[in-house]
Ligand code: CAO
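Given next, in structure tokens, is a single chain: the form predicted alone.
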Amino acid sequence: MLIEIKVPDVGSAEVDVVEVLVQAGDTVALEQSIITLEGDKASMELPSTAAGVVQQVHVKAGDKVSEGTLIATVLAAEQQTTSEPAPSKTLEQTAPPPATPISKQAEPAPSIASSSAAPAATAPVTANETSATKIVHASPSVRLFARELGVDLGKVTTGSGRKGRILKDDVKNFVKKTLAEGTPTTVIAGIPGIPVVDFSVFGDIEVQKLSKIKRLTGQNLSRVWLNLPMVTYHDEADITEMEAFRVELNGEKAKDEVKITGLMFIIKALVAAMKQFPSFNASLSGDGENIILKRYFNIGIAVDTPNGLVVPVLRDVDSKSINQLAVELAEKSAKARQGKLLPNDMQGGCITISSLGGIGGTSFTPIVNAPEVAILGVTRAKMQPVWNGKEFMPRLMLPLDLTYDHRVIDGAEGARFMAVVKQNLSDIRRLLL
């Protein structure tokens, strides 16, 4: 007897077919799950109402179906021909046709399995199966979670739930492992591209070719943005006394001498903090299993040039004076603007400083210059009234923005590091300790 299996009333106009668990020629048992449907709030495994051989499957993964849609036809086994429903019977029918007497109690309509049920006769997935053919068992919330992260569930080989069902923790662990291995593009779904727009239809336009520096910088920043879980911490440092000392030092210099900027003090304050917090002077190994601690202190300084942003590196800043650093930075900044920096001038940095102080702003979110694990952003200082416990006093406050790689540095450590940087800037005598 040929039995048609159709979609019952599932409470929605349309539902998605997310898994087809059988194919033509398969032998199925009574109540064995043959297909998984996904609605707005739950996934449902549809059971077979007959034991026999699947003759034809009429749907595929990705289809949208509704009540009455034909799912499959099954050639029922002989032992069921006396008690099975008529060929035209669908899943939503709950009683036999009135004109057909039945000697035993009519079989109730099969209920739709809960999202925690698993197919009864699903063969284990082999390592050679692709994500397109692999049967994936996961709840709608887990599927949504995976889609938000861009994860192909077909690539998640370990399911810790009941009978191998994939849970949220399995997806999280998969992403962590993928990022640590440095090969996310092979397993994470591609990001949809931005549609191409012909702007000339709206008015006159001019096309300028992007400089090579900007193109390479954009590629690197995009790679970092997709691979690093970054956190930015914002704070302010009181630099009233530091600025007064800087102005005094520059007043003692001859006209042809290089002037000292606040950036020199920030470099020194940053290095002093890095010595207390070695994880900021580190990089994550390629396999994500180890932290490489550096015993040298090289600071990258982001420099704006006509062709784009470049980052020359000041080496061994812990052993150089404020004046030496000022001269070296002036030389490298000039080379950067002239396009004369060599590759070696921009390699070996431990941490980067990106300063917008000469332009303005109150805060921003700098992107880590990987393989470094942190970057310090600086914007323009301004006078503010600060309460000292008795009265408000005018103080020069410098906004600081610290972005760090959360795989290496946690939130509490980031806050403590910034507190030390602030302390060093507020009282530069501490840099002598």
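Residue indices: 1-based, along the sequence shown. Predicted model, so just to flag it, every value in this text is computed and none were measured.
What comes next is about the form predicted in complex with oxidized coenzyme A (CAO), which does not appear here.
- Not one of Pro278, Leu314 and His406 places a heavy atom within 4.5 Å of oxidized coenzyme A (CAO) in the model of the complex.
- Note that among 196 to 204, 226 to 234, 314 to 322, 295 to 303, the stretch whose heavy atoms approach oxidized coenzyme A (CAO) to within 4.5 Å in the model of the complex is 295 to 303.
- A heavy atom within 4.5 Å of oxidized coenzyme A (CAO) in the model of the complex is found for exactly one of Val258, Leu341, Leu167, Leu329: Leu329.
- Contact annotation: of the candidates Lys268, Arg246, Lys155, Lys335, the single residue with a non-hydrogen atom within 4.5 angstroms of oxidized coenzyme A (CAO) in the model of the complex is Arg246.
- Remark: Met264 counts among the residues lining oxidized coenzyme A (CAO) in the model of the complex, judged by a heavy atom distance of 4.5 Å or less.
- Remark: Thr73 does not count among the residues lining oxidized coenzyme A (CAO) in the model of the complex, judged by a heavy atom distance of 4.5 Å or less.
- Remark: Gly286 does not count among the residues lining oxidized coenzyme A (CAO) in the model of the complex, judged by a heavy atom distance of 4.5 Å or less.
- Although the partner is absent here, Leu356 is a contact residue: one of its heavy atoms lies within 4.5 angstroms of oxidized coenzyme A (CAO) in the model of the complex.
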